[in-house]
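One chain comes next, on its own, written out as structure tokens in the form predicted alone.
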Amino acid sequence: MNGVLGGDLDAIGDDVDVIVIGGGITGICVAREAASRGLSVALFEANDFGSGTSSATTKYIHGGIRYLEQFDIEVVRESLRERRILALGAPHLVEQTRFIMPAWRWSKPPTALIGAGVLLYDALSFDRNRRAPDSLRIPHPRWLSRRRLLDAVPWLDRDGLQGAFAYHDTLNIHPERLLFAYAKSASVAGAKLFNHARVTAFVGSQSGGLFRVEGVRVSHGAREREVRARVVVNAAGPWIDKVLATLGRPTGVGVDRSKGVHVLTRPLGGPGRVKDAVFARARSGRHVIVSPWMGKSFIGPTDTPIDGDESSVVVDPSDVDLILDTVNSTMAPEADRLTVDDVEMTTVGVRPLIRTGTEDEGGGTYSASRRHELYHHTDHGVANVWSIGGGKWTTGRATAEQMVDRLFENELSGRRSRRFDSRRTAAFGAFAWAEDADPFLRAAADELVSLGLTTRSAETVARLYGSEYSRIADIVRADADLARAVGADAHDVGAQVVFAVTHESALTLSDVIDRRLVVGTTGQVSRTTLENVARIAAPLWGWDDRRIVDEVRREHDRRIVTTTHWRTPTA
């Protein structure tokens, strides 16, 4: 098996053990866990793999230090355990990053309490360095004096500044690519994964007061068919209730949705000046994380409750203003404040939060728990369906492990589980489990440079694909022109476009640019780059020249409309 995603629906066969609805990190991890333990699995994602919340993160695998303010100790401990597991499983796609948490005289919580939280966070990560190579080891936190803090972060407001606590969390360098590594792990284990495949209905039979689900109806391109399964796992994230609504009966699931927006700006402090992530908390109590990423500053998130469906999830001018106002209020008077003109792009995702009925009393979605819940719907008259509510990127593997355990205890109790330990298994494409990736990355980059890639492009390919870089190298060997970058604004090369279509089920320009390559995540994409990508992919998609022109125009217009919306002040 070679980890190729997508294909024809007929490849599934008549029935499977498990159908997974949703191709975000949770659904992907469920597919990987179930298939690796010997079950036949089909996963259906209505849009593209990871195109929702999973690609709109703060780009960290973290314990969630701020959850300690809500005394959510169990979630923090689980997250810190998973932080280590994910890092050891994909060393080429993570980096340990120092976080700086400034403390002012006016800080709330006060400095002493912040320090206690940092020490507790450290204590809860007692096993963080178990089996970790030197490059992934995490030191104990320390106190930075005011002088050392300003040396590291010169743009901070000095008024009342006392110093800072410095601790470490794990940068998820390219969340889109790490998700694909786990998707390919699922594929290698035998799971069939389909993007742009929308589940339109559950199929089953009624017996007395019980509706027994026997599969789903799925639409994939021009094709629609029923797929039978012994059990269905609804892992649609913030939209699990929308999926369940097709049953036409109450299922006992409520979801609160929270919109998280991030902005990408010029690098605060100047190019290469600030190397640490900064937990910037304003006097208002609001906070954002300011992270150095790809030579720029990645800042966010917002955390605002929303209603509506997927089409209503957009970045509004007020979201951008909130982030900029929060950061600017923590900056020194002489520092160059951020404006909308400094924002190069935005991301938006929707967090699925467990509905407890107490959010209005406890501070809204900001203070809502990030725990997950497994819903079995038999007590609401529906059999053979589970839904996964809540959760977060970092704990996707743990959620999947628990979910598959429950399947073996219930609907699949007659099946034997094949031995598989996802806690000690590398993601697909990792050079090695729990080893320093740098020597492998250097060797891969050197080989790619010898084939005609620039040093920066070679480093990009090695980092994104890990051991799969050799497949990109093979494509370049067959066509040297594909060693060229896809645009002046990109370090991605043409061979990656070919690979995205032939091996990673990319079906649209957005699929390629926003989730297989890097260029769509680092700023505005030029029309020339869109055209270059389209012309490389066109023969593989069966597009003629007219189709290329139409698709490029459509994608360019979509991006312009999105950007214009958040750049246009409200009256």
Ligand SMILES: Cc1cc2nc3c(=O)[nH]c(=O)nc-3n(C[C@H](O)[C@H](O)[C@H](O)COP(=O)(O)OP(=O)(O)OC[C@H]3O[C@@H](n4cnc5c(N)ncnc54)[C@H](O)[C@@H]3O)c2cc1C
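In this text, all values refer to a predicted model and were calculated from it rather than measured experimentally. In this text, residue numbers run from 1 along the sequence as written.
There is another form of the same protein, the form predicted together with this ligand; it is not shown, and what comes next is about it.
Undergrad: Can you pick out, from G349, G429, P102, G89, the residue that has a heavy atom within 4.5 Å of this ligand in the predicted complex?
TA: Among G349, G429, P102, G89, a heavy atom within 4.5 Å of this ligand in the predicted complex occurs only for G349.
Undergrad: Quick check on this chain: which one of A236, A280, A437, L193 has a heavy atom within 4.5 Å of this ligand in the predicted complex?
TA: Only one option qualifies, and that one is A236.
Undergrad: Examine I19 and determine whether its closest non-hydrogen atom to this ligand in the predicted complex is within 4.5 angstroms.
TA: No, no contact at 4.5 Å.
Undergrad: Wondering, does S54 line up within 4.5 Å of this ligand in the predicted complex on heavy atoms?
TA: Taking the distances in the predicted complex, the answer for S54 is yes, it comes within 4.5 Å of this ligand.
Undergrad: Flag R177 as yes or no: does it have a non-hydrogen atom within 4.5 angstroms of any non-hydrogen atom of this ligand in the predicted complex?
TA: Contact check for R177: no, nothing within 4.5 Å of this ligand in the predicted complex.
Undergrad: Can any non-hydrogen atom of S36 be found within 4.5 angstroms of this ligand in the predicted complex?
TA: No, S36 stays farther than 4.5 Å from this ligand in the predicted complex.
Undergrad: Name the stretch: of 515-523, 500-508, 46-54, 538-546, exactly one has residues whose heavy atoms fall within 4.5 Å of this ligand in the predicted complex.
TA: Partner-contacting stretch among the options: 46-54.
Undergrad: What are the residues of 261-287, in order along the chain, with a heavy atom within 4.5 Å of this ligand in the predicted complex?
TA: Contacts from 261-287: V261, H262.
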